[in-house]
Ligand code: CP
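Before any questions on binding or motion, here is one chain by itself as structure tokens, the form predicted on its own.
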């Protein structure tokens, strides 16, 4: 599953289901719709929030979790990802929640499983610099909980946008649902061509925004040290810069936060900051996504 190519009704179907699940969690009335199903947590790249959120979502729905550890698997002995996935499926996995450092890896694996007749649903939990679909969904969901709707709202995404799968997926999702998106950052971090306005001046880029989503510098994807010193980024593009965040704007960050770089302690404790809300909201959103992957009655939107 990816955000790119999904239409507004498809996004709405997942988001509405997530809103219903959130209500059920509050009242303790979640139905175990995935009882007896086996979901494999196939994370081949480090993760805290996404992995925890998916596993919590699966358990709330009654599913069993197969937790894959790449460091102790046959991948370390040279086994291919396709062979590993086929082994997991033969052992009972009915759905793979996959994170990988290479862009396009879930789609490539899916093609191999289809070709060999072993296809199961693969949920993209982040692939390289390509997409992070469920992060985009939970960010939209978080905005809806605060704003009621994202249609007509302005969201400024600020930071290392070129290398951010979060920025790509969120930009697509918000645009599909009628929001106005801006990309804000230094020239090394943003580029034209993604169909949204680009601002190198951070004050201008965030002016009048209903929400500002901060991104960290993606040093692990550059293959070298940070190409903009943290001190320079903090002075110009961090949430602590006076006047950067509009008075009533929601403050977001997909995490992990580099405290003192993108956001300082004061900003993280600001009532407008929804960073922990984003983490909590990942559970009902990912519950909806897992149902979408495994329950036939959802059909096609």
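Numbering follows the first chain given and starts at 1. Predicted model only: the values in this text are computed from it and were never measured.
Below, we refer to the form predicted together with the ligand, which is not included among the displayed structures.
Student: Tell me, which of 256, 260, 32, 243 has a heavy atom within 4.5 angstroms of the ligand in the model of the complex?
Tutor: Contact residue from the list: 256.
Student: Between the options 183, 153, 99, 168, which residue brings a heavy atom to within 4.5 Å of the ligand in the model of the complex?
Tutor: The residue from 183, 153, 99, 168 that makes the contact is 99.
Student: Is residue 267 close enough to touch the ligand in the model of the complex, meaning at least one heavy atom pair within 4.5 Å?
Tutor: Although the ligand is absent here, residue 267 would stay clear of it in the model of the complex, with no heavy atoms inside 4.5 Å.
Student: In the model of the complex, does residue 56 come within 4.5 Å of the ligand, counting heavy atoms only?
Tutor: Although the ligand is absent here, residue 56 would stay clear of it in the model of the complex, with no heavy atoms inside 4.5 Å.
Student: Would you check, heavy atoms only and a 4.5 Å threshold, whether residue 272 touches the ligand in the model of the complex?
Tutor: No, residue 272 is distant from the partner.
Student: Answer for residue 46 alone: is it within 4.5 Å of the ligand in the model of the complex, judged on heavy atom distances?
Tutor: Although the ligand is absent here, residue 46 would touch it in the model of the complex, with heavy atoms inside 4.5 Å.
Student: Only one of 132 to 140, 203 to 211, 82 to 90, 156 to 164 has heavy atoms within 4.5 Å of the ligand in the model of the complex; I'd like to know which.
Tutor: After filtering at 4.5 Å, what remains is 132 to 140.
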